[in-house]
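Shown here is one chain on its own, the form predicted alone, set out as structure tokens.
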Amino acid sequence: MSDEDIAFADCATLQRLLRRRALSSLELTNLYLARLEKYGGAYNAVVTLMPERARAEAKRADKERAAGRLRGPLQGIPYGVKDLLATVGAPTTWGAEPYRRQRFDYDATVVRKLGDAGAVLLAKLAMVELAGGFGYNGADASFTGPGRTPWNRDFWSGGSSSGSGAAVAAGLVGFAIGSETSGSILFPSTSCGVTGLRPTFGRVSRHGAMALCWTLDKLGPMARSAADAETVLRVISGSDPNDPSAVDRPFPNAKRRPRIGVLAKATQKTMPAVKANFEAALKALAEFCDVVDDVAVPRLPYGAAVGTIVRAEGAAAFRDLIESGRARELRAVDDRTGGYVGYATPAVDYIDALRQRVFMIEAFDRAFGKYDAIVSPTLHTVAYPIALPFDTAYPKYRGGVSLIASGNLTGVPALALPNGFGENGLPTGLSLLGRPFCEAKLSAIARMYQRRTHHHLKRPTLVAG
């Protein structure tokens, strides 16, 4: 295999190469470090490279393998993390100028678990400042600059896990960890044409991760395939005494032909290519699933509830930043004042949103409980142009039905998959949404889809920077 083929290989292929001694973890680590240095700047994907730690972990993986100690499917595989996860040996900046020199003397639980599995940490990857909690309206909302999708540098890589999506899509890491409060794994996965898995709330510990919303934040993998995403999720999942919300739960598999519901009005107000690619994806899914059309989401104010919770919990999480006035140091103009808007959220609105959330979870389960997955386009459009404010981009495609807010509010898992290309050579995608703790069922469906379609194997043409 060429270096390019290796760089874009999935974790299973990389692990086979390592087991056969076709290459060492150190050689693989050096390959990815070189690519991060060569291409990372062109896409504003990287905050901090960690070559010393990476090479030390790679040498350990090689030494253990030589001694017959095998840790599992991620042993020796290099990866990157969104820069809201605490790591020893590098700043944890949260994408924001006020925290640019912030350091922690411990690893986040997710990083520790990946280290215990033998994975190799390469870099801290770029993100939207404060994970977008203060309400940014443009791509240039990080001190690292606007994230750029490897498919077309004039367009956004998506937020807030912008660097994680771009790094996976460009073959700069074996996989990455992102976070989602309301779309921050699904959005960049789609903009960058990679596979992103948002786990059930509570599946993965958030200890050592920046808090935006304690009742909404989730950590999950962004990878080259659904199989990779599930492999990583199984490693990082489980209870943690440092995070009371994290729990141990099994990964139930489907025991029959999957039954999929198609979200009603899913393709209204979508770009033509998004619609065409979604319809083609439904035909592929119908080869091995029972597909039921026009499954409606209960009409409830999911978006309003998410917005209220983000404003209130985000203001509490960043109270010191707001009260000190240092929010004025943030990159995006809207972010400099957005925290103050959140700070003024009435307590009664927040409490009411939490109370109504209980009824929304129950309604969601009644509507979708008889399906193994609900399928819809992940986004109504391709990636946004970097040069335009978000609220002026693609105005004719706004207001369509989406499961991002409702899925996050109810805490259920979702898996984003590439399913083709649209305007300006940019990826489109579909999402599978499932019941709580049924990520393996979603992954099984996605693996069968990816075996039939191969959209996830496409590679962008890169430019150095």
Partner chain sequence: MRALKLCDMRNRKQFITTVAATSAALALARSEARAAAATPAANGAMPSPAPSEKPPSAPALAVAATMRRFDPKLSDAEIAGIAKDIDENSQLGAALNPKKKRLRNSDGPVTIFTVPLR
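Numbering follows the first chain given and starts at 1. These numbers were taken from a predicted model, which means no experiment stands behind them.
The following text describes the form predicted together with the partner chain, which does not appear among the structures shown.
*Asks:* Select from the listed residues Val291, Leu354, Ala387, Ala276 the one whose heavy atoms reach within 4.5 Å of the partner chain in the predicted bound form.
*Replies:* It is Leu354 that has a heavy atom within 4.5 Å of the partner.
*Asks:* Which residue, Asp116, Asp349, Asp154, Glu97, has a heavy atom that falls within 4.5 Å of the partner chain in the predicted bound form?
*Replies:* Contact residue from the list: Asp349.
*Asks:* Is it the case that Ala226, Phe251 and Gln450 all touch the partner chain in the predicted bound form, with a non-hydrogen atom of each within 4.5 angstroms?
*Replies:* The answer is no; none of Ala226, Phe251 and Gln450 reaches the partner chain.
*Asks:* Counting only non-hydrogen atoms, choose the one of 105 to 113, 82 to 90, 291 to 299, 340 to 348 that falls within 4.5 Å of the partner chain in the predicted bound form.
*Replies:* Answer to the contact question: 340 to 348.
*Asks:* So in the predicted bound form, does any heavy atom of Asn137 sit within 4.5 Å of the partner chain?
*Replies:* Answer no; every heavy atom of Asn137 is more than 4.5 Å from the partner chain in the predicted bound form.
*Asks:* Any of the heavy atoms of Arg259 lying within 4.5 Å of the partner chain in the predicted bound form?
*Replies:* Although the partner chain is absent here, Arg259 would stay clear of it in the predicted bound form, with no heavy atoms inside 4.5 Å.
*Asks:* Would Thr200 show up as a contact with the partner chain in the predicted bound form if we use heavy atoms at 4.5 Å?
*Replies:* Looking in the predicted bound form, residue contacts with the partner chain include Thr200, since a heavy atom lies within 4.5 Å.
*Asks:* In the predicted bound form, is there a heavy atom of the partner chain that lies within 4.5 Å of any heavy atom of Thr308, even though the partner is absent here?
*Replies:* Contact check for Thr308: yes, within 4.5 Å of the partner chain in the predicted bound form.
*Asks:* Could you list the residues in 424 to 456 that come within 4.5 Å of the partner chain in the predicted bound form, counting only heavy atoms and keeping sequence order?
*Replies:* Sequence-ordered list: Arg435, Pro436, Phe437.
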